[in-house]
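Take a look at this one chain, the form predicted alone, written out in C-alpha cells.
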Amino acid sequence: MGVDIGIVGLAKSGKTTVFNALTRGSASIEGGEAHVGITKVPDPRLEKLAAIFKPQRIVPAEVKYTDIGASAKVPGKEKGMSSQVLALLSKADAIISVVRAFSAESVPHPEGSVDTERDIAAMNFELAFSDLAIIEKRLERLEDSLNGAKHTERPGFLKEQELLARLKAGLEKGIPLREAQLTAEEAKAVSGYQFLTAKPLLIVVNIGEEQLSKAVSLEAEFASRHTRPKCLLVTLCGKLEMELAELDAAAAQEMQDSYGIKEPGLNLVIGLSYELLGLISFLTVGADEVRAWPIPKSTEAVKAAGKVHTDIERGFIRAEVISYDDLMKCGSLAEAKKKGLLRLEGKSYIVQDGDVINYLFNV
C-alpha cells in the first residue's frame, strides 16, 4: 500500500520548506509548481533484523509527499483552490496543512500580520469550500434527474439527495466530513467524491527558531483547540528541520542536541500520518531482503499477503508468524521454532504491527 500525502498552505507559510525537510529535498520555495518526493519511513527494526538475516537489501516502507504547487488562496479575496490543486489533493490519502507561526521581516505575511488561528481557520475554510462546491453541483444534477426519473430510480436519488443535504448542512456549520456520523453504506456512497474534509488532516504549525524553547507549550495550546477525530496537530521549525535533513546522521544529531530537539520532525510527521491513516507495518525477512509493508490496522493475513504479491493472496495456504520482539529474543527463526514461538496462522488472522511473516502458498 503506497501512502500519498498532499501538503497545502497559504502563501509564505513555509509549506515547501516543510516539504524539503520531510523529503530531504531541495525544491525551490519560489514559483508555483508542484513537487513530489518519496520518503523512507524510519524503522529501527529493519536494521536489527538485517543484522540477523544479512539480506542483500533493506526496503523500508515509503511515503509520497506532494507539495501542492499553487498556495491556497486567502478566503474572501480570491475564488478557492484551482482545479490543478483540487485534482492533486483528491488523490491524497491524507492532507498536511502548513500554517505559519514564525515571524520574519524578510518574509512578510500576505495578510500583513502573523495570526496562526486565523490561518488555520482559513485553510479549513478552503477545504470545506471545495467540498461544498462539489455537493451543490451534485444536488443540482440530482434535482434534474428526479424530474425525469423512473419510479424505480427515485428511491436511490432521494437517498443520495438526503445524505448530501445533511453533509452540506454540517459543512455550513463548520463540521468537516471526517466528523460526520455515517453508516458504512453512507461512507461507501460518498467515498467516490474524494471530499477533502473527509480525509485525515495533520496541521503543522511552522514555528521559528526563537520559538523552539516554547514549542511544547505552543503545541499543547493549539492542539487543545484543534485536535479532533482524524485531525492532529504538531509544531516544528521547518527551516531548522530542512537544515537538519541536509546533514549526515552524526552532524544532524549534534545539531538536534544543541537545540534540544528530541525527535526529528520527519519521524514525528510520519508517525502522526500513520496514526491518522490507521496504518501499521508487518515485516518480511530473508537472504534477499528485509522489508516493511504498511497495511491498515485489522487487516487479515490473506489480504496482507496480497500486498507482497497477488499470487500469494490467491494461493494462500497459511502464514508463519512471529512477533518482532520474540524473534529478537530468540536470535533466529530456527531457535524461535524450537521454542514454539513461530506460529501457523490462517487466512482470517489479524496481522499485528511488527509481525514477521513468511507466507506459504501454492498457485
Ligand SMILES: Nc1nc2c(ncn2[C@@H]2O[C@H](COP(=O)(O)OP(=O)(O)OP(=O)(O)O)[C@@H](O)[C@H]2O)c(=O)[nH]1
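Note that the structure is a prediction, hence the values are computed from the model and not measured. Residue positions are given as counts along the sequence shown, with the first one as 1.
Form predicted together with the ligand: not shown, discussed below.
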> With the ligand left out of view, which of Ile29, Ala51, Val36, Ala334 would have a heavy atom within 4.5 Å of it in the predicted complex?
Replying inline: Ile29
>> Exactly one residue in Tyr274, Phe125, Trp293, Phe102 has a non-hydrogen atom within 4.5 Å of the ligand in the predicted complex; which is it?
In response: Phe102
> With the partner left out of view, is Leu342 within 4.5 angstroms of the ligand in the predicted complex by any non-hydrogen atom?
Replying inline: no
> Any of the heavy atoms of Lys239 lying within 4.5 Å of the ligand in the predicted complex?
Replying inline: yes
>> in the predicted complex, is there a heavy atom of the ligand that lies within 4.5 Å of any heavy atom of Gly208, even though the partner is absent here?
In response: yes
> Given that the partner is absent here, does Leu10 sit within 4.5 Å of the ligand in the predicted complex, heavy atoms only?
Replying inline: yes
>> Only one of 231-239, 249-257, 188-196, 135-143 has heavy atoms within 4.5 Å of the ligand in the predicted complex; I'd like to know which.
In response: 231-239
